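Just one chain follows, in the form predicted alone, and it is written as structure tokens.
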Amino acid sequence: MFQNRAEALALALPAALFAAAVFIAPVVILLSDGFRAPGGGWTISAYTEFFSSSLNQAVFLRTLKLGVLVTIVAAVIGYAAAFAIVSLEPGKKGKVTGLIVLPLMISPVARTYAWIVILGRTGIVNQAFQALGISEAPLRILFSETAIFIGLLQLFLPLMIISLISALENMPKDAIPAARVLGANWFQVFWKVILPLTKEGVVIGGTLVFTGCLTAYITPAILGGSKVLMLETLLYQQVTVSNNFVAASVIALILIVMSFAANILLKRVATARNKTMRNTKGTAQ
């Protein structure tokens, strides 16, 4: 398309400069605040101080735990849903995929407030539990880790399903029938055929879901309240309530590192699994 590389770089330069001016530079300035010493120079005392607090440790572990749980459950449900959708006729597949995408077009605020109605003391869930005799009094579901987990799962599950649908559609159509003919059960088909061939969808979907759980503010703030804090809600409190931009910088860098680490870990796991399978095949031969 281009005569030389310089033409392509010249076209990309305005966008690169704009991104550097409005995104990269402010982020670098914000993150650098966490390493600045009060009297000048550089230090990591802000990070040691952050992790020395038992409250911050609990918030960090809670954020990591919920992010991992939501990602794993989204992958399990996403595989089942994506496999069912891919198996549909083309006309039905488009309609069902549209229904999967539809929640993404609704404001997260509206979707999260709907869970208050559903999970409240007089909500549908508590009414069903009392009608079935599971509990005599309304359960406290709101303002808990359970409520945040449900809200985040509902919020980001479509991203996982869409990623897996794309991966399954690119998988060879005869791969599953061939494995079944060779005597593999459904667990072996999934573990040794479907999962390796759709690893890119898992990596993309897992990164989107886990990163979304780390950066979502509205859902943890509404469903968790002020008592069940996550890193994103703690960051907001440090800026708006405490006016502590150093602590906010520390939390921001932690969130960025966790996001990149999740993507790298998923890629490493997928690559390691492929190497293990190739070595197993080579040994068998």
Partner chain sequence: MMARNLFIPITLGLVITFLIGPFLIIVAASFSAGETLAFPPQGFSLRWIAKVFTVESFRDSFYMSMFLAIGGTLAALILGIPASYALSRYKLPGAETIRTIVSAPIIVPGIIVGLSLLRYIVVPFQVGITLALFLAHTALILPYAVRVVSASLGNLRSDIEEAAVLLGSSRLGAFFRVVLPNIRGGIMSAFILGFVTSFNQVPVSLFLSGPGVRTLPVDMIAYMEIVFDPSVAALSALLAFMSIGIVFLAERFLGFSRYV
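Positions refer to the first chain, counted from 1. All values reported here derive from a predicted model rather than from experimental measurement.
There is also a form predicted together with its partner chain; it is not shown, and the following applies to it.
Listed residues Val27, Ala58, Leu69, Ala37 were compared with its partner chain in the predicted bound form; Val27 is the one with a heavy atom within 4.5 Å.
Three-residue candidate spot Ala12, Phe18 and Leu88; every residue lies within 4.5 angstroms of its partner chain in the predicted bound form by at least one non-hydrogen atom. In the predicted bound form, its partner chain sits within 4.5 Å of a heavy atom of Phe83. Among residues of the shown chain, Met171 is not one whose heavy atoms approach its partner chain to within 4.5 Å in the predicted bound form.
Its partner chain in the predicted bound form is not approached by Thr48, whose heavy atoms all lie more than 4.5 angstroms from it. Taking the partner from elsewhere, Ser52 is found to have every heavy atom lying beyond 4.5 Å of its partner chain in the predicted bound form.
Contacts with its partner chain in the predicted bound form, taken as any heavy atom within 4.5 Å, map within 213-241 to Thr215, Tyr217, Ile218, Ile222, Glu232, Leu235, Tyr236, Val239, Thr240.
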